[in-house]
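Okay, so we've got the same protein chain twice, two forms, each given alone as structure tokens, structure 1 and structure 2.
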Structure 1
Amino acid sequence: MATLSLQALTKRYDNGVPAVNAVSLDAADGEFIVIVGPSGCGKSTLLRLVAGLETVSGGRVVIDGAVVNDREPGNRDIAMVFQNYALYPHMTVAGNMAYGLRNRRVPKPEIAAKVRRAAEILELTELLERRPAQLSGGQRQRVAMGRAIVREPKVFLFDEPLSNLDAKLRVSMRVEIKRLQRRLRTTAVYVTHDQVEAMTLADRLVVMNRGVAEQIGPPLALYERPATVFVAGFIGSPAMNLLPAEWDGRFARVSPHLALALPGLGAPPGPLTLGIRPEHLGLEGGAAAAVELVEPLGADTLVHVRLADGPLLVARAAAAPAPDAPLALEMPLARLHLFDAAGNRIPWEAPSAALEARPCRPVA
């Protein structure tokens, strides 16, 4: 039970490039924070800074109101689940779970009771005397979880804990982790590059890119109002359609044949990016387009369409369009996301008058 606060946390490795750059975050007691981003964006480094496995170059890590920058990992009252589990190969499952308690001189009967209870929660009771080498991947994962929960730490840290499991096991372990965290009400920071994992687990999501926290917020808020082009492209699968366009003060020109009127947009003329999610693209009425590829997924269908002389877009449709039939692409203005040349969101509400007008029109 604790809060976790990161204040302008920065880490520079020897090469001088900041792997984590002024990340600030306040996690409430019991909150499940997920850090998501592409490989190499600094997620693990951030987690290791919190754990005390890396020295901080700037900023502060505050756990439960106390600055822990200079505390050893063992004195921060955190527990970490590593990607490859890092179980002690020469100890039994019970020994692995008891190790942290033994180091803290917890009385033996108490250790036994705690290990037993953790084993029950994780259904490891039968395996307590086995060694890690005698366990399956999923079982090792549970032992790693058991080692974390048995100590009842203030904060759980997870570094891509599911990425070594097969797809099916990953889904069930994901559910289990969420359930466990709900039950124990322990503040958790979970690192992943998998955005489905991120969306499903998080109370709040931190999207990282090149060491910077691009946006922090509830998963759906990020989905609905991404603050940057990066977040827009990273969250959601299939990814949001992002169209480079030239804004002249009245129209955003996407291709020689297509321009969109964006009434009420006060941005100075120049390049901008239009974003629209696949499920918001309509296939009736609008700009002429040709089907390039159809991917039926069962519940719905992904249709890859190319605007005349223009970019390729993905639409999520209820049914596949008839092959070779001419297609018209509809982009509802209210669903449009606008980003400036630097990639930041341009606040813009499509005026209701524009919504009634034909939103998307070919230009001669």
Structure 2
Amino acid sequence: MATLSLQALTKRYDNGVPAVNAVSLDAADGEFIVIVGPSGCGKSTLLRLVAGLETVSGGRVVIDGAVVNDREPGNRDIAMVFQNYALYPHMTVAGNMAYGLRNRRVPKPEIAAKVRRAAEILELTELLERRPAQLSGGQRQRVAMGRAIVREPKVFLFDEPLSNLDAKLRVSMRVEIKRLQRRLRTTAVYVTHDQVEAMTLADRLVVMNRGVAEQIGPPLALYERPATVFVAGFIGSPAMNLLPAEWDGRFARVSPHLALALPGLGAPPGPLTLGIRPEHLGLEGGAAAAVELVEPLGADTLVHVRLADGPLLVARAAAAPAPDAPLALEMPLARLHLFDAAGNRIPWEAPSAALEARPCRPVA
């Protein structure tokens, strides 16, 4: 077990564009860190910097108190699990799991004991003499994890290990990875583009955007208090409703027919963005809206509605509204998230009582 510290870690390519820009993070011993973000945000590059597969342009990687910037990947005491398994097709499961240990000239009895222990943990004991072609995708991924486990590294690194699996298998493997990490209590860094996967696995999330760590914290903290518009729109499924508005000191005007009064907001007049989660958007009372699409999901229903002359919003409801029923949206004031023109959260504490959406009125 070990701590991991990233100190203003930076990677610039030859054209000067930073793929990773001054990311700092301190992972505690045994902590599960998940790095999440869209394609091209720098999350995999960040992981490769930790692994030693990319050259650091600035900052430091510190594992268990030692700076490892100049160490080769094999000398960093880390183990990496890739999305493509990277198994040797001509070797058995046992041979694949033991390969790294044999290269390090670990005694055969010790190799056998470590492979046996890892196989028991991953329920691979009956598959040790099979070859990768005889395994399912989930079994191959377990073998890849077993190969990492036998090394007993200080840090586990996972680079989108479930992206090649079908949806059902992803869920079961997600549970298995979390259970495994808790049992081994090894510090882990996990990269994914799937924010549901990120929310369920992480002790702490790192949300990346254009090479920058936009926000770092526990999953629910990021969900409930996103620091930026980007985090608000990325974390959550379905995504937070984001409404561009113009603040005039009394009302946040969303459209010619809709404004919200925001008592106590001391922000200067100008553009801002209102955010509200689908589960907090009521379908009774307030602003008139038209249903455009209903998605029944079983336990609940997603209702896509459009405000008059306004944006399309998504509400999570217990049941679908009648096709021709009059509909009105309610936006509880205490559930609103406010962001300034730069996309940063506005620190505003709303009154506890809900305030309905109101039509615009002329302001003297």
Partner chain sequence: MAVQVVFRNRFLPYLLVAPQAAVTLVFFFWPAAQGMRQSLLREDAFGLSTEFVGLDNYVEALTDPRYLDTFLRSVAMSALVAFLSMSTALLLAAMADRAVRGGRAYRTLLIWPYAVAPALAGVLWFLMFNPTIGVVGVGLNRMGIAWNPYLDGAQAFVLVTVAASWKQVSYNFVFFLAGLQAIPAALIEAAAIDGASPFRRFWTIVFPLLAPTSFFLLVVNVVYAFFETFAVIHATTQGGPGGATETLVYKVFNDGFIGLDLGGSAAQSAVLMAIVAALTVAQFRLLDRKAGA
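Numbering runs along the sequence of structure 1, starting at 1. Here the rigid core means the biggest group of C-alpha atoms that line up within 1.5 Å when the two forms are laid on top of each other. All figures in this text were calculated on a predicted structure; none of them were measured in a lab.
Student: Does the form predicted together with the partner chain correspond to structure 1 or to structure 2?
Tutor: If we ask which form is the one predicted together with the partner chain, the answer is structure 1.
Student: After a core superposition, would you say Pro89 shifts its C-alpha by at least 2 Å between the two structures?
Tutor: Yes, the C-alpha position differs by at least 2 Å between the two structures.
Student: Is it true that Arg183 shifts between the two structures by 2 Å or more at the Cα, once the core is aligned?
Tutor: No, Arg183 moves less than 2 Å.
Student: Could you check, with the core superposed, whether the Cα atom of Asn103 shifts 2 Å or more between the two structures?
Tutor: True for Asn103: a C-alpha shift of 2 Å or more.
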